[in-house]
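Before any questions on how it binds or moves, here is one chain, the form predicted alone, in structure tokens.
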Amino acid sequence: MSYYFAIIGTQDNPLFEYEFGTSKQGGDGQARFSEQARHLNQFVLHSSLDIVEEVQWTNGQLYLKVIDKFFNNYISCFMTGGNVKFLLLHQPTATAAGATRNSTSVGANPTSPQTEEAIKNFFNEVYENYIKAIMSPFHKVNMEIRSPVFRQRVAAAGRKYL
């Protein structure tokens, strides 16, 4: 499965972006998006922001689960208390997309409870690291996160859970 993760600020501006692949079940951690899909990932995530704004008021949870589907791409969302959005676009691999829906593999079924739990754990770990990053006295609201340490920690969370 390929993943595109973005943190979107309160003014719908991107604060952080990271693209990676699955490290579970023999994956090498490399994203397998086609070149055309790579260009569309940002647009797909930003188009789902309207749905996030609708769902956030009906659901009292921070983790909103899968909120949108665009062809074979699923978008999951996590909201912070400060209205910053963590969006994860996940695209099942071609073999996983043809797999049965009863599979417990994280890559085989993007809407299974196991996948939802793995994504929730990923979001929670990234949220903890996000809080640590914005606690810096040099960080301003809606400022892009350029910390290589934060990028490494997001990558480690992706390897650990996804």
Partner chain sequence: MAHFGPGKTASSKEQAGLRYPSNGKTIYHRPLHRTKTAELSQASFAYLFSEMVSYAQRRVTGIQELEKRLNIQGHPIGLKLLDLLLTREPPRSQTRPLTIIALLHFIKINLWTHLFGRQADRLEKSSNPDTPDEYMIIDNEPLVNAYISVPREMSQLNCAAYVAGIVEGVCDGAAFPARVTAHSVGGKEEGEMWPGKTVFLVKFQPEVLEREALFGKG
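Positions refer to the first chain, counted from 1. Keep in mind the model is a prediction, meaning the values are calculated, not measured.
Beyond what is shown, the protein has a form predicted together with the partner chain; the following relates to that form.
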- prompt: Going by a heavy atom distance of 4.5 Å, is residue 150 a contact of the partner chain in the predicted complex?
  reply: yes
* Just to confirm, residue 42 within 4.5 Å of the partner chain in the predicted complex by heavy atoms? -> no
Spell out, yes or no, whether the shortest heavy atom distance between residue 111 and the partner chain in the predicted complex is within 4.5 Å. no
Mark residue 38 yes when one of its heavy atoms lies within 4.5 Å of a heavy atom of the partner chain in the predicted complex, and no otherwise.
no
Across 117-138, the residues having a non-hydrogen atom within 4.5 Å of the partner chain in the predicted complex turn out to be 127, 128, 129, 130, 131, 132, 133, 134, 135, 136, 137
